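Before any questions on how it binds or moves, here is one chain, the form predicted alone, in structure tokens.
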Amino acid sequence: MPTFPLDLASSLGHWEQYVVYLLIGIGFGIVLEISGFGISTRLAGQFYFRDQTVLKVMFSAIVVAMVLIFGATALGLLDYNMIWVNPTYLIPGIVGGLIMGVGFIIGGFCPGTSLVAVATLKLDGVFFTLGALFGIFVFGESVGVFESFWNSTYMGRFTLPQLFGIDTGIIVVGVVIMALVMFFGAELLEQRFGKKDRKLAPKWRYGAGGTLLAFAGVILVIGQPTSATKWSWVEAEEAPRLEKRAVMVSPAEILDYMYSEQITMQLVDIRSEAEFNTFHIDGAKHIASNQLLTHLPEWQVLTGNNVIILMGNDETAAIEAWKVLVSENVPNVYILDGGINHWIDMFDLSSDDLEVVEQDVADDQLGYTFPVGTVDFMPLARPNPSSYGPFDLEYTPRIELQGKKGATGGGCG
């Protein structure tokens, strides 16, 4: 089981954890001040190619953090799924970045560096911060006007490996190489526009860059943990829930929530496309088992009353799919008790519409045949509760909403 990230609230206490956050914040501010990030003219020089301190310091921090994070996950010391990654809203993010960039050029600060300037009593930093606070107020009062755009092009917890569909180690190596090339280019720009002498720069930077690239290469060789490995980390905690059938949701309970707004169910049918087309529950979405991981960006950030119900013909494949999603820190995942076969067995009211297959079927095979093709319009796909007696739909409630493990929010960056 990975050691990190640490649950400071459990180990230190609710209020004590904020002392750690305060110390980290102070340390971060000190580093920014030492780097000259409290001086607006230095920051603005970034956009005129005279001073590339912003790029070199911030990109160094990002790349080093990336190598340490994925190095720790490769060694099994850290569960990456427990780390908060800001959800991607592509177009609003691009527009917001452009607006912030213009403000950065005009004001000489970004919101974070303006606070560094305020801490050292710089007047331009004070005025910039006041302007930022006013902008936040105006945004909060007017966001309802463009809320649909604000929430558009949502991509969930989306990362570069998912974008390019390649191994994380390749991305790590590629980003490090890109950073080193950018650092070299930044020095050339400073020499050309800022009249800086590259010969005066510290020689140890070559060793630091080479070391970083070497560590990235090690990460590529070791690789990232598989879903099976991640399941072994959580098996001791999660397997008892499976054994006690605490994650098996009765068809009657699902039907109850289909006519209720208490929770938002995502019915995920992992059977073959042919079986799905033959019959599926109303509102179900067909996602093959080998495609589940492609939906992690949207599922890993689910909060509130969202519940995922996995369903196969019986429980065999659904259990394996459940293990994958649970190991990837997807919250509130459940399994249809008995699968589609149990659903049909419970809600079939007409032998004229369904014909039970008399011969034995293999595990996780559909045990019924239908006289027509797609029957998602049939009453069986969305039964009417009034068609059944009060004792026909009795069940033991299984769905209990649980919060996402790990961080559920984060700051900029």
Partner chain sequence: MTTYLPTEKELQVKTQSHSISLIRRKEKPFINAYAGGILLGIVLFLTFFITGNGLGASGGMNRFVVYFQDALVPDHVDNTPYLAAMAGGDINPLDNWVVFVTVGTVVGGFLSGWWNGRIKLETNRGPRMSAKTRWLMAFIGGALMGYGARMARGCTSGQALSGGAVLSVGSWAFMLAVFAGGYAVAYFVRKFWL
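All figures in this text were calculated on a predicted structure; none of them were measured in a lab. Numbering follows the first chain given and starts at 1.
The form predicted together with its partner chain exists for this protein as well; it is not shown, and the discussion that follows is about that form.
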| item | value |
| --- | --- |
| Contacting member of Ile319, Ile105, Ile222, Ala228, with respect to its partner chain in the predicted complex [4.5 Å, heavy atom] | Ile105 |
| Heavy atom of each of Val301, Gly367 and Arg382 within 4.5 Å of its partner chain in the predicted complex | no |
| Among 230-238, 335-343, 279-287, 123-131, the region lying within 4.5 Å of its partner chain in the predicted complex by heavy atom distance | 123-131 |
| Contact label in the predicted complex: Phe146 to its partner chain, heavy atom within 4.5 Å | yes |
| Proximity of Tyr89 to its partner chain in the predicted complex, heavy atoms at 4.5 Å | yes |
| Residue contact check: Phe158 to its partner chain in the predicted complex, 4.5 Å heavy atom | yes |
| 4.5 Å heavy atom contact, Gly93 and its partner chain in the predicted complex | yes |
| Within 310-342, the residues that have a heavy atom no more than 4.5 Å from its partner chain in the predicted complex | none |
